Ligand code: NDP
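Below sits a lone chain in structure tokens, taken as the form predicted on its own.
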């Protein structure tokens, strides 16, 4: 049985407690590895290693840090197939998806921030003929990065890359449900020449290991992606300690489809936005508002597109959807589908657990599910399900669509489908959302700010925003 150990100070270590967590393969329901159950003692070791490494790492020239991070990026590329297989096995997602999206994006994250630090600039302000102000930015020191289970290496690198590039040393915790690729990544860091202590990876439960990272007084900032309730807990702990916080939290994202679109084309992309990665992406569009003039035709097109998401063994190329990440999460999703029935909804397609058979007979599979007939304010349309469940809601006016889209406590992402350019700008500016996609979904430019409003988070990631978060500005005023 493989033991997933902590990576601290450039080496691998068993948890101080000697205890381990079972790691279950979602597609089979079988335990296939053991994960270190770390606690505050392991986190303290990681922080000590990071503090010792910080003077050297922060003292390197930006080009020197860049070269090392680019070497890490190349290692990810060289091991793409191994990492993709590990991601599929650990998370339940289709292998083809991990191969084409997750691992290439992890490679890109490391490369992007490795080069972004070579193109940053600082501000200068000429106050008068005798006074000049200029701003310098310095790394914070030791920072904590806590990443989720849905896009494991993709989001793990999205956090650690800018932190490391800016000159910080990192104590990172991947999700205990999907620790494998972070474990493999640590080996690639060694091979790429990342100095010991610069990156430390501790595994374990959020309430134990994650809490210890948030509570440690020498960790200056926390970057967290995960559920809103956990984000609230982190904020309550970190705020009195005056830590910097970046919280990318839940979403209940609206999709708005106006009557002037190509119905078949739009339905194909809206279904992709609903069910990609088993619907386990915080950016998935789970509430689909459709103008009533095309509602019936769009509904039929959506049913047809939803049924193309074949559920099957993640290792099979024909499988468009794999397994949900855990038995508990599967039961949560099925519970919401039952709630939809109780709230008066009609299941248009899906709605049940899927039996795949063979090696996956005990896997955690759920059919992509499309529902209509629910009020915009019912629980199914207000609470984050984070699975392959989407609802169709008709609307008559633009104002009605905007009001429905903004009716939840969340505000992470929205997508808008129309060929009316004036409407595009009018509606996009009124949506309470950190990002609005128009006639597309999940098109990402890593330079742009990313994050949510309302209960979807605090702060922004991406591009210069991430580098600003992981640095502290200082103004120098000179009079001469």
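Positions refer to the first chain, counted from 1. As the structure is a computational prediction, the values presented were derived from the model and not from experiment.
Although it is not shown, the form predicted together with this ligand is what the next lines describe.
In the predicted complex, no heavy atom of residue 349 sits within 4.5 Å of this ligand. This ligand in the predicted complex is approached by residue 149, whose closest heavy atom lies within 4.5 angstroms of it.
Residue contact with this ligand in the predicted complex: residue 227 places a heavy atom within 4.5 Å of it.
Mapping the unseen interface onto this chain, residue 93 falls outside it, with no heavy atom inside 4.5 Å of this ligand in the predicted complex. In summary, the region of this chain contacting this ligand in the predicted complex, judged by heavy atoms within 4.5 Å and restricted to 211-219, 94-102, 353-361, 121-129, corresponds to 211-219.
With respect to this ligand in the predicted complex, the three residues 47, 111 and 161 uniformly fall beyond 4.5 angstroms at the level of their nearest heavy atom. For the options 176, 107, 291, 116, the one in contact with this ligand in the predicted complex, meaning a heavy atom within 4.5 Å, is 176.
Contact with this ligand in the predicted complex, judged by any heavy atom within 4.5 Å, is made by just one of 340, 234, 273, 392: 234. Applying a 4.5 Å heavy atom cutoff to this ligand in the predicted complex picks out 386, 412 from 386-413, in order along the sequence.
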